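Coming up is one lone chain in structure tokens, specifically the form predicted alone.
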């Protein structure tokens, strides 16, 4: 059962509830959510829920109908994010695990790790104990292989995962791996599940060869009931009568499991298809279906692989797959997880301190709007650790908060794919020279019509939202003439407003996360006129950062002299240095009518000296010396 605690529950009451349930034979898990704290009580015991509801501090009691209690969505409404080393799996990130089927030697796994890290993988896989169908096949290098795997992971900065096949291997493997893998053949090896669960370490649980979804979730329940909360489910195909692929990849399991369980789900297209040419399309299909990541077999020389060579990607194939995933990620509203140069967040090329300021438990990030705003969603996808989101009324307030040290970072929108640049923020970047752009992220904007619980679309008469939100849903509003649009200062703020108003004839256009946050109902999702709706955000911080090691993007500003061909001459500098221009934006210079500054986005090549030379040449021909607003990695 789920016991929802009151917001003002006292510690002694909480301890009393825990003691009462423990005496009845229940195991207790405390889950602290954004809106409420609950106790999850599981076990063979039976108690009348009314007895529990009468205990001081109890708000309500909800029975769990599923046989898998701890893994069920009834137990935990929010998605679980599993932390493995510096990598989070779940939430708004797509994590890619890659490596050979088996560790064959030190040189092989070191070379593979180097290739994978350069291409964008965040975790290294490799088998040391290989359960093979034939007793005469290569069985793995055992502990020696684990040692090579750990060395390669440390050298590349990636956590490592390897399959545990027997209970007597657990103690040994704990010293080498960051993530245990339970293979398909062992999904219902319940003694192994119990012992691995007792370690408390994160576990990657593959679906059995012929397992139903419920059997798969029950296997996860074994792990969770015995001590670990961090379980990652892996769909790797099931056995059917089809013979053209190794297995049949059940992509329909992804949305089904995500509705039934809060656990993250990744997909193994390598074992599902068994044929390397089929791995990339099925991997992309898995991402489109909602998977939180992939685990892919990659080998420097698949033709010489000691196991599963035909399904292992060549390094070039894996690199292209990662580029394709990057392109697809924005469509599904996610970010590709990366191992950043700093533990703080992805993409930064600056030296960022991860130590929170004195007296603060989390790094603070300022955004415009109220909780649940698109900007907050963007920052949650960008940062790779828990942060404290600080809502601010205006963009200027964000810049001021970062400058004054009230926030370590800020996130501001720079450009929307439909409505163009947010000029105010370009101007603020110029007005605050002590702040720099240290990263960027893109977010697909999916608007939802939100109303009170019990409300229906036909009963909505007023729709509140930011003017841009209303404009981007113009066609939907035209199709519903009974709905009168009402401009509001913020999308998420409009949801908060209708929640407080308590009127079923009020609706709001905002992010679906805002509906969940304020206890509202999504009446219709995806109401934007144009689905190709993306916003690019910049992450800003103070300028006291070290120069980046390998930036691949820069934002600079300069002014051109008032003479024919002046701007062309500046662009020619970039062309001669073979620098790709990604953005050119002009803004009027304050106090100088009809004179303009140019904001320019440039791809920084591997040979950073070319960019430095271009800056020097621009300095010689521009009206004012170019100023770098930020250099970072994307």
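Positions refer to the first chain, counted from 1. Since the structure is predicted, the reported quantities are computational estimates derived from the model, not experimental observations.
The same protein also has a form predicted in complex with a small molecule, omitted here; what follows describes it.
Asks: Would you kindly say which of 377, 181, 448, 273 lies with a heavy atom within 4.5 Å of the small molecule in the model of the complex?
Replies: Answer to the contact question: 181.
Asks: Just give me the single entry in 362, 484, 185, 563 that has a non-hydrogen atom within 4.5 angstroms of the small molecule in the model of the complex.
Replies: So the residue touching the small molecule in the model of the complex, by this definition, is 185.
Asks: With a 4.5 Å heavy atom cut-off, would you call residue 292 a contact of the small molecule in the model of the complex?
Replies: Result no; residue 292 lies far from the small molecule in the model of the complex.
Asks: Does residue 163 reach the small molecule in the model of the complex, with heavy atoms at most 4.5 Å apart?
Replies: It does: once the small molecule is placed as it appears in the model of the complex, residue 163 has a heavy atom within 4.5 Å of it.
Asks: Is there a heavy atom of residue 392 lying 4.5 Å or less from a heavy atom of the small molecule in the model of the complex?
Replies: Output for residue 392 is no: heavy atoms all beyond 4.5 Å of the small molecule.
Asks: Although the partner isn't part of this model, could you tell me whether residue 206 comes within 4.5 Å of the small molecule in the model of the complex, counting any heavy atom of the residue?
Replies: Yes, contact at 4.5 Å.
Asks: Looking at the small molecule in the model of the complex, do all three of 370, 490 and 512 come within 4.5 Å of it through at least one heavy atom?
Replies: No: no residue has a heavy atom within 4.5 Å of the partner.
Asks: Given a 4.5 Å cut-off on heavy atoms, tell me which of 85-93, 518-526, 192-200, 123-131 is the interface stretch with the small molecule in the model of the complex.
Replies: Single hit among the candidates: 123-131.
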